[in-house]
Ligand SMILES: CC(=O)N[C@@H](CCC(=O)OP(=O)(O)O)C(=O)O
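The chain below stands alone and is given as structure tokens, in the form predicted alone.
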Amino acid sequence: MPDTRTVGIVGARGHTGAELIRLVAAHPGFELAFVSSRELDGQPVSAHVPEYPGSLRYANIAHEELGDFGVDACVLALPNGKSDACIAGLGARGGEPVIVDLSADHRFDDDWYYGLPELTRDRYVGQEHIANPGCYASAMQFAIAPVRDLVEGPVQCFGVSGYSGAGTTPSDRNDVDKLRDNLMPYALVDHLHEREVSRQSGLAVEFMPHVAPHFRGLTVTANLHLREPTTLDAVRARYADRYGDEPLLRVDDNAPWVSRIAGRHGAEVGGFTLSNDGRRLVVVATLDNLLKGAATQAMQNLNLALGFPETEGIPVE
């Protein structure tokens, strides 16, 4: 196993930043070198993330100063459109670290490795720039991938997420009063994750996201039209063969529930249902948007890039 590696986090104030800190703190081979946050500047990290045992404090670090820390890896947990200045700063002193970007800024960039390990690890050949997939995009791809070669026509995906997916900046989509007893649709055409999955799968994907009153966890129901009739046994066999050896993916005949995935590091796929003619398949996928949809996936990618076992430091059930 490699020696201890240093990791920095930029944008550590948000929900995902806190989950990243917990995972890095629990990793036997990682040491947290800095956590950058303008709003929490000077405050102890342990005051916000009790699982972190050290004395490190949040710091408001200028982009051009990020390279001064000389870290082995850095995770960017920033809104879309904010990563490039940080990337430039991290490489300003030479010896640029491994960078895992949680935003969508580089998911469409062929020069970056698209890090959805269960589906793309065979494409990893030492790239140091890694684009973490979107949370909904991950669930959609898990639902589609085992039968991708059977699908014709557009794939329709209906998604519902907890309001943590809307971040910490106040908006209607994380306003608990407006969400109470409510289901809030948004971005019903041309959602970023719709384009992301279409690009990765080579299929036309139509995605309709919604926000619900729960805090974390998301579910996607994928409607798949097939070129030829199939059977449920054949469908089950495809998903079992594709995901049977994946420690963070679970396949179940029953449709997975958000309440059972919240706070867990894996994803669940199931609820396989066929139309009478065997040519329309419905599949349900769930995951925790803050964990397998963001922080846990980032940890898998860090492990892959830094030479650790892929699930090192990740609680695997």
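Start at 1 and count along the sequence shown; that's the residue number. Only a predicted model underlies this, so the values are computations on that prediction, with no experimental measurement involved.
The form predicted together with the ligand is left out here; the points below concern that form.
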Is R173 close to the ligand in the predicted bound form, meaning a heavy atom pair under 4.5 Å apart or at it? yes
G165: touches the ligand in the predicted bound form, heavy atom cutoff 4.5 angstroms: yes
Taking 4.5 angstroms as the cut-off for heavy atoms, does V235 touch the ligand in the predicted bound form? no
Considering non-hydrogen atoms and a 4.5 Å limit, does the ligand approach R195 in the predicted bound form? no
Looking at 91-99, 134-142, 241-249, 114-122, which lies within 4.5 angstroms of the ligand in the predicted bound form, counting heavy atoms? 134-142
Only one of C157, C74, V211, I130 gets a heavy atom within 4.5 Å of the ligand in the predicted bound form. Which one? V211
Among the candidate residues I87, A104, L226, L203, which is the single one with a non-hydrogen atom no more than 4.5 Å from the ligand in the predicted bound form? A104
